[in-house]
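Single chain ahead, written as structure tokens, the form predicted alone.
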């Protein structure tokens, strides 16, 4: 203990200040260097937000370069969508193991650095697959990238809880989500333009230009790795100075708990899977859809395809506050799913300006995330939360992996209209599950649709 105090004093420095200063007393740290000061914690928050920027930037690289990937690598849509499926496959398992690896094996600091390395290496392998004209290498790169991507998000949230417990936490989560969506948006609008510029300056085969473009995108992953290293240093330094514990996820995963899950929780899982499989695979294939059906130029198609992320960046914190203040989670989920259904029907059966449908989709996507995911905590005991959220993410990734492949097959054989009808069917199943959840919750006297005031009264009655 004395050695730790000595090290803390060494970090603080020993400098007498003024005539009355006691020799050997720790000097006051500048605000930016003091872990207990807001200014220092804002620096840490900035690094936390950038930590996931590279991962989210590179996740949708295939969507931003859909035409180029299919043309340069000479693959059909089914094979193209494998780039998304291979990202999701490892996360069917890692959603359970990520928190365990952080808590028990690596620790938050080493865990974050290791997962950031997986993201960097995966993106580099993905780019090399283009350079060497080897699609199997691109698939391997996406698999490695997937190993790091979702687990890095777990590490990011763990850092947030460790540094910003209390009232600031919801705002911090909102800011992290906003930065993630900014990363996706920048990617959608930059990579196509970057490919064109490299094509104009390099007289090389198309696959080489594709590989170089993707390798430049890898720079954002290196930035995230740098942030992981700086965060690890700052967290260790704060631990020495403030004697705080290293961050833990708090998730205790016990697969045996699955047998105890209630019917409302299973309905939440169904809503989640059926909804998200109509969002991410659609965005993955959306650029060419807007070019073919609505006649958009490549850059304009990228812009409209990124609208969901553009809207999500500012609106996620706003909707989060709205749901917190009003409660009524099932009603908000119902509104979100119904609006998404309308959006897909507009895109499928009309030639109306697609900006309208995509803006509605962006709003509903943001609202659903804020209203659906917290419901798990209302129907699951605290000791089973880690298992419930892990299982929810696991089956979501399983659904995305399977539906990504299926969506590619439908597009190759039937075209975009059939694909949109398929997405409408998925959202309709999600809507049916929401209605069932409302009925079951009402019949059982559940609290999923309580107002914020009712929840506060329930909390007070339990504490008494």
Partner chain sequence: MCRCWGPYWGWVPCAPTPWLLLSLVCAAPFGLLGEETRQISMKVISSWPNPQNLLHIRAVGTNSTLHYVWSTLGPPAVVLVATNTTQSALSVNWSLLMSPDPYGGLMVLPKDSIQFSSALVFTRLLEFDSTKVSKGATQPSGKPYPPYSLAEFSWNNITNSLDLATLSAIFQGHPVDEPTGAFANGSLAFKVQAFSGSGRSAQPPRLLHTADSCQVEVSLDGASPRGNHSVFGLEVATVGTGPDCPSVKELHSIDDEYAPAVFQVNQLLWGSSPSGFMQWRPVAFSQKQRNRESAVPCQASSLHPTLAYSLPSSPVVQAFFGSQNLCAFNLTFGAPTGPGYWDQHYLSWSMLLGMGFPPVDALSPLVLGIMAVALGTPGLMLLGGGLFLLLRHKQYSEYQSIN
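Positions refer to the first chain, counted from 1. Bear in mind that the values here come from a model prediction, so they are computed numbers and not experimental data.
Another form exists, predicted in complex with the partner chain; not displayed. Remarks below refer to it.
Distance criterion of 4.5 Å from any heavy atom to the partner chain in the predicted bound form singles out 348 from the list 215, 179, 232, 348. Taking 432, 43, 405, 395 one by one, only a single residue has any non-hydrogen atom within 4.5 Å of the partner chain in the predicted bound form, and it is 432.
Picking from 35-43, 56-64, 411-419, 395-403 the stretch near the partner chain in the predicted bound form, with a 4.5 Å limit on heavy atoms, gives 411-419.
Interface membership of residue 424, defined by any non-hydrogen atom within 4.5 Å of the partner chain in the predicted bound form, is confirmed. The partner chain in the predicted bound form is approached by residue 77, whose closest heavy atom lies within 4.5 angstroms of it. Of the heavy atoms in residue 436, some are within 4.5 Å of the partner chain in the predicted bound form. Interface membership of residue 328, defined by any non-hydrogen atom within 4.5 Å of the partner chain in the predicted bound form, is ruled out. Shown here without its partner, the chain carries 288, 341 and 443, all of which come within 4.5 Å of the partner chain in the predicted bound form through at least one heavy atom. Applying a 4.5 Å heavy atom cutoff to the partner chain in the predicted bound form picks out 292, 293 from 292-313, in order along the sequence.
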